[in-house]
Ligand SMILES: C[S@@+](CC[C@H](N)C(=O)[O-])C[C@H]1O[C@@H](n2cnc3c(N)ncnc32)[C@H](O)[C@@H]1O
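Okay, here we've got a single chain as structure tokens, the form predicted on its own, with questions on binding and movement later.
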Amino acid sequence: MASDPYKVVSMIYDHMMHRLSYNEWANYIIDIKTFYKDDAEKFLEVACGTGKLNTYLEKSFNDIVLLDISKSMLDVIPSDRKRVCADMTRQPFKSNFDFIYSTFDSINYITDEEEIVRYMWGIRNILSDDGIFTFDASLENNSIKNVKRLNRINKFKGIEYKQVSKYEKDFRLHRNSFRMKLANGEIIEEVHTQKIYDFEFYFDAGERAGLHVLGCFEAFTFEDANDESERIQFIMKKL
């Protein structure tokens, strides 16, 4: 049986991001929750992948639902966790959440502006009246700074992989192409495309979706971000 490319790429991503402290990222999300919605009881993680971040959050967040488009990645998560397989732009929920969060610049994978607005509308519709939505986004300076560093060849757990990263400035598209050779000789090729939106776009999209920006910070800090930032963290709630 052929391997699932989403699952393999996710494992390779975890390896390539070994320098990132998931504990540090979880603590940042917890700090945002504590400051903006300390009484939150119901949580939703959007684009959760294999749920690695959740292992650092579940002791602090009592009732978490994990959503991702890949069933194979969700299957990695223990079956006693609440898991939902769905496109993040088509939220299937009828109940509300107090705190919704997304990480790893997942929003940049939505490459159409109207889809971003539709996504935010979907989030708004499942937020409790004073609920919080927080996410990080990658800006152009992040692509420009890191595009060369992301071209690499390596091996991990018997998987040989090559990543080719290219930022198409005229189209504001950042593409990461992966070619992976598994231990059994199987070849998996995958292209991840992200749209790099302007800083101001997220404010406009949020307002169109009935969301108000409470804060916009340099990622992993509480310092105000601007259009020269590389990665930014938004905190939004209903208008």
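The shown structure was predicted, so the numbers you read here are calculated from the model rather than taken from an experiment. Heads up: residue numbers just count along the shown sequence, starting at 1.
Below, we refer to the form predicted together with the ligand, which is not included among the displayed structures.
Novice: If we define contact as a non-hydrogen atom of the residue within 4.5 angstroms of the partner, is S70 a contact of the ligand in the predicted complex?
Specialist: Yes - in the predicted complex, heavy atoms of S70 and the ligand come within 4.5 Å of each other.
Novice: Determine whether any heavy atom of A86 comes within 4.5 Å of a heavy atom of the ligand in the predicted complex, and answer yes or no.
Specialist: Contact with the ligand, yes.
Novice: Could you confirm whether S143 comes within 4.5 Å of the ligand in the predicted complex, counting heavy atoms only?
Specialist: Output for S143 is no: heavy atoms all beyond 4.5 Å of the ligand.
Novice: Can you tell me whether S106 touches the ligand? I mean in the predicted complex, with a 4.5 angstroms heavy atom cut-off.
Specialist: Yes, S106 is a contact residue.
Novice: Looking at I196, L211, I29, A47, which is the one with a non-hydrogen atom within 4.5 Å of the ligand in the predicted complex?
Specialist: Exactly one residue meets the criterion: A47.
Novice: Looking at heavy atoms inside 4.5 Å, which stretch does the ligand contact in the predicted complex, given the options 47-55, 32-40, 178-186, 197-205?
Specialist: Stretch with heavy atoms near the partner: 47-55.
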